[in-house]
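In the form predicted alone, a lone chain appears below as C-alpha cells.
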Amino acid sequence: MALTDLLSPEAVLPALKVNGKKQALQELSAHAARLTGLDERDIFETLLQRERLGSTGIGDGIAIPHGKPAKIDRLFGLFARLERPIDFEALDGQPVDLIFLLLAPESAGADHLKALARVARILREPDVLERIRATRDPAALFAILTQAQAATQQPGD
C-alpha cells in the first residue's frame, strides 16, 4: 500500500496552530470531515475513544491518532506539522509537533495495521523528520512523506 493511497496534497497541513491535544484532534477532525464528507463529530468522537485507551503519541514528537469512524469506505490519512509542539501525553513524555491522522473502514483489518506500521516507519527515519521539520511548504511536505515511503518500503508492503 502506497502512502499516496492514503494521503493527498490537500491533506497536508504545514503549520497547524493548536494549544493542546483536544484542540488538535478537533482541528484534524474538521479538516478530515471536509476532505472525506464524513461527520466531523463522528471523527472526533472516534479519535477521543481511541485516545482513552492510551495516547497515540509514539515518541520523538510524533503522534498517529487513528480510528474507524462509521461510514468511511477507504483508508484516509491527514498530516499536520504543528506551529508549536503540544503535550499529547506521548509515551516518552515529549511534546508532539508532527501528527499523522489515519482513518479506516471497520472492515480494514490488516490494511489498517499495515498503514499504521508504514506511517510509523516513515516518521521514525531521522533524515525524514529533519526534512519535515525544516519546511512549511505543503507541496514539499507531501513530497517528503511520499518519497520517504519508497526508501522505507519493506518486502510485502
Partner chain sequence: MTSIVVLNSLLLFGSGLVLIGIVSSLVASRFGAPLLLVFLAIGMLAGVDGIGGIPFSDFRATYLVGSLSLAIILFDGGLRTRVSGVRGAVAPAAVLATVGVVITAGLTGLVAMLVLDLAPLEGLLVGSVVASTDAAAVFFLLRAGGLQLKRRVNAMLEVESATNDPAAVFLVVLLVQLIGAGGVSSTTEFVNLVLRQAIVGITAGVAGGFAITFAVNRITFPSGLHPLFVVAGAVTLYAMTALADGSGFLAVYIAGLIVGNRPVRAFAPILSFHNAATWLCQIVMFLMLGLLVTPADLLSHAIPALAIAIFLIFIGRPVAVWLCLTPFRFPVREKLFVSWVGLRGAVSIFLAAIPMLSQLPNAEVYFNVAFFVVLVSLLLQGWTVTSAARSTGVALADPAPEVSRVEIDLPGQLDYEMVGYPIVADSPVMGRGGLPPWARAVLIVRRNAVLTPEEAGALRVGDYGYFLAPPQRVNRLDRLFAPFEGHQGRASAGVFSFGPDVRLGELAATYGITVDDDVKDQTVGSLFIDTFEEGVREGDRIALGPVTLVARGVHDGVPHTISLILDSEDADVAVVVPTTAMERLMAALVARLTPLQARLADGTRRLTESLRGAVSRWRARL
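Nothing here was measured: the structure is a model prediction, and the numbers come from that model. Numbering follows the first chain given and starts at 1.
Another form, the form predicted in complex with its partner chain, is not on view; read the next lines as being about it.
Chemist: Please determine whether L35 contacts its partner chain in the predicted bound form, using a 4.5 Å cut-off between heavy atoms.
Modeler: No.
Chemist: Answer for Q94 alone: is it within 4.5 Å of its partner chain in the predicted bound form, judged on heavy atom distances?
Modeler: Heavy-atom contact with its partner chain at 4.5 Å: absent for Q94.
Chemist: Residue-level question: is L113 within 4.5 Å of its partner chain in the predicted bound form, judged on heavy atoms?
Modeler: Because a heavy atom of L113 falls inside 4.5 Å of its partner chain in the predicted bound form, the answer is yes.
Chemist: Examine R41 and determine whether its closest non-hydrogen atom to its partner chain in the predicted bound form is within 4.5 angstroms.
Modeler: So R41 does not count as contacting its partner chain.
Chemist: Tell me whether L53, I64 and A120, taken together, all sit within 4.5 Å of its partner chain in the predicted bound form, counting heavy atoms only.
Modeler: Yes, each of L53, I64 and A120 comes within 4.5 Å of its partner chain in the predicted bound form.
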